[in-house]
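Coming up is one lone chain in structure tokens, specifically the form predicted alone.
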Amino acid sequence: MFKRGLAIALAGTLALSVLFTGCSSDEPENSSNDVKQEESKTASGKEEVKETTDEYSGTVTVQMIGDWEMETTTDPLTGVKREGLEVVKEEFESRYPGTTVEYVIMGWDSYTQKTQTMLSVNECDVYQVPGIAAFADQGFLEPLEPYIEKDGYDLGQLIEGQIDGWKAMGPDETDLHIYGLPVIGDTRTMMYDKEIFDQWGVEYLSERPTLEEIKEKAAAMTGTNPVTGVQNYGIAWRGRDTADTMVNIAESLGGTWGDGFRFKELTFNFNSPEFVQAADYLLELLAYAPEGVVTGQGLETFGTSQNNVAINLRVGPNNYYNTYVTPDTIDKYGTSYLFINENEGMGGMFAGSPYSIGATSDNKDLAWEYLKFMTSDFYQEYQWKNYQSLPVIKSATEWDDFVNIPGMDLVLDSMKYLWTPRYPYRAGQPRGILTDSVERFMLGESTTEEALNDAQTQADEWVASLK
């Protein structure tokens, strides 16, 4: 394998983070004057012009989080082959003769602490950093704007909002700047069962349904199915996503989660009229949902041919993909956008993963080349075909095996409306505070006003404790 030894010493992380705070960045030294072009093919066989250059040398080490595999594997049950990272390693090294790529792969458990330790001891050059705000704030990450400007890197190739979503602040900055490039996309959409809609004689959901439309159609399809005789429910959502669903509903009513970026500067609108109205709306929907939806039950058959729920308010791309591509269900389900705040033009939790360069990397120019490579058609198609990671580039709409999946164009388009920069409170204690409060009123343990006032008070106290 291509792993370096992980000299992880968690106890020393804090001290080292202080040491590196305020590290200045070097200007990129190399230009790309000797770039050569040759024809190549992406993973799906699409013709593209591949650029190669022998301007760079040395080793770039890349940290990745998740179930990445170095070697190609075959699923013993489905027989589906999944190409390993050896494929992208070979491609990058062919584009940059004389260079070597090494990978450090780790799981999602305690990834923030592990990544912080790796950054503090200069373990890698490139890092997967969903927690980018905290790392940039400590001076661990290299600012990318000098590289983007000098290289003429085209940010317009990326789906709108993807750069803004991952902007962060360095330790001495007062404005948001680019510290990472988006590589793994993520989003949420609504899904609905067209077969159940047909059986009840209800018109399909519009692309951008209103709250009233959702409630009316959910009510109309709750009860004994007139065709199958099976109990149907009009609506459901993942129980652990209830707080995020409520925030998204509040956004459609003109509300916002709050304001600020650094933890010490955050203010919250958790008990605003829009949040209270959204909470009351969710309680009304409970009448049309399966029993136990708040505690994670009721969606067991959703996505199958035996489904009994008409509308799912919140579906991730992996669930969507794995549902739609099965032969039994590819024509059964439809999809619609989440709610948005009309004034802001945004709605829904921004998510995914960016990649960044460590501020103490010894090979920053090559690391920047690898970052760019990760947003190429070749790399993005590799991720999509083998790991179903949602692309972050506009050209994905030209991939045959992508656009031929019904609704996939809407899923990709929905990414441009996600709230940016992403809700910063979700990286801190207020995320748990809001979730606990929402569960209390959904389970009938308090009124919506009491629960949300309590969430507001606790979140404000948490911010005050940091000052």
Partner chain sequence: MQPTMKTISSKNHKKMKEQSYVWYLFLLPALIGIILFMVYPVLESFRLSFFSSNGVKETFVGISNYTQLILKEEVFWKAIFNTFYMAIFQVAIAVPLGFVIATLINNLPHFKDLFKVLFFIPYITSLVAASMVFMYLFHPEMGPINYLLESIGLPGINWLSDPLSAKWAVIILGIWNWMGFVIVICIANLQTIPAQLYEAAEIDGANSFQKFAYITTPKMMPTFSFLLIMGFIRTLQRFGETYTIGGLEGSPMRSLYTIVGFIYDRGFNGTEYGLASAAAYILFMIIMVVTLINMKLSKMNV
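Residue numbers count along the first chain shown, from 1. These figures come from a predicted structure and were not determined experimentally.
Absent from the display: the form predicted together with its partner chain. The rest refers to it.
- A residue is said to contact a partner when one of its heavy atoms sits within 4.5 Å of a partner heavy atom; E91 fails this definition for its partner chain in the predicted complex, lying far away.
- Although the partner is absent here, E291 lies within 4.5 Å of its partner chain in the predicted complex, judged by heavy atoms.
- Though the partner is left out of this view, E344 does not reach within 4.5 Å of its partner chain in the predicted complex, counting heavy atoms only.
- The closest heavy atom approach of G161 to its partner chain in the predicted complex falls outside 4.5 Å.
- None of T99, Q116, S353, N307 but one reaches within 4.5 angstroms of its partner chain in the predicted complex through a heavy atom, and that residue is Q116.
- Here is the short version: of D280, D151, D362, E300, the single residue with a heavy atom within 4.5 Å of its partner chain in the predicted complex is E300.
- Although its partner chain is omitted here, in the predicted complex all of Q138, G432 and E445 have a heavy atom within 4.5 Å of it.
- In summary, the region of this chain contacting its partner chain in the predicted complex, judged by heavy atoms within 4.5 Å and restricted to 433-441, 66-74, 405-413, 53-61, corresponds to 433-441.
- Within 4.5 angstroms of its partner chain in the predicted complex, the stretch 231-245 places a non-hydrogen atom from each of Y233, R240, taken in sequence order.
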